[in-house]
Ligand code: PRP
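Consider the single chain below, provided in structure tokens and representing the form predicted alone.
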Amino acid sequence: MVEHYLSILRDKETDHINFKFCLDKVSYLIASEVFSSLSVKRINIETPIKKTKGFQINDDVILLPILRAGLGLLTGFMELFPKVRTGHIGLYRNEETLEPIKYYYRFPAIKDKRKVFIIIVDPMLATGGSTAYTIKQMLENGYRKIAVASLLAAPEGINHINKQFKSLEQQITIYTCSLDEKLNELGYIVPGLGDAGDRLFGTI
């Protein structure tokens, strides 16, 4: 199913309506993989037949989409687990240096950081600069359980994140639907699918 929808997303003839439709579908598939690493606790429940043991998610899940394209992957996460909360971080890329610049940041109030599982959401893991910047912000704020959910990734982006955080004791897990070939001279993923934000919102 991922390959099916991803092929439609890659096609330059796909309009923004069908692009959003397919991105929503893929978001459920990605979310199910990311959520498989959540911690659970045993609880007592009662079925119509008898008392038994069940499970309840024990993590405080925070979605952190990187604006604006990250918004396109939220549907599956929010509908599969409605208790998730959502922060936002706005970054844009300096087209000369390719470095991220922050212009917006909002995050939910947290009582116990030990139970927080942060999912950074960005469809395109290209240079890795924006994702690495966001991971660093989370680590500096005391969060330790972090995952990255992406649609496509370039080897350069994966390598950049591995290099930046290789000394960490905990593992930062990256979930992606496809590890593409490379980045081009403009820093775009090849073969990629173009600018995910523009295609999602019809601003091409």
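Bear in mind that the values here come from a model prediction, so they are computed numbers and not experimental data. Heads up: residue numbers just count along the shown sequence, starting at 1.
What follows is about the form predicted together with this ligand, which we do not show.
Though the partner is left out of this view, G129 does reach within 4.5 Å of this ligand in the model of the complex, counting heavy atoms only. Taking the partner from the other structure, this ligand in the model of the complex has a heavy atom within 4.5 Å of a heavy atom of M124. Put simply, I66 is close to this ligand in the model of the complex: some heavy atom of it is within 4.5 Å. This ligand in the model of the complex is not approached by Y104, whose heavy atoms all lie more than 4.5 angstroms from it.
This chain is displayed alone, yet in the model of the complex one of D11, D195, E181, D15 has a heavy atom within 4.5 Å of this ligand; that residue is D195.
This chain is drawn without this ligand; in the model of the complex, the residue among L74, V84, L91, V116 with a heavy atom within 4.5 Å of it is L91. Partner proximity in the model of the complex, defined as non-hydrogen atoms within 4.5 angstroms of this ligand, places exactly one of 171-179, 143-151, 43-51, 66-74 at the interface: 66-74.
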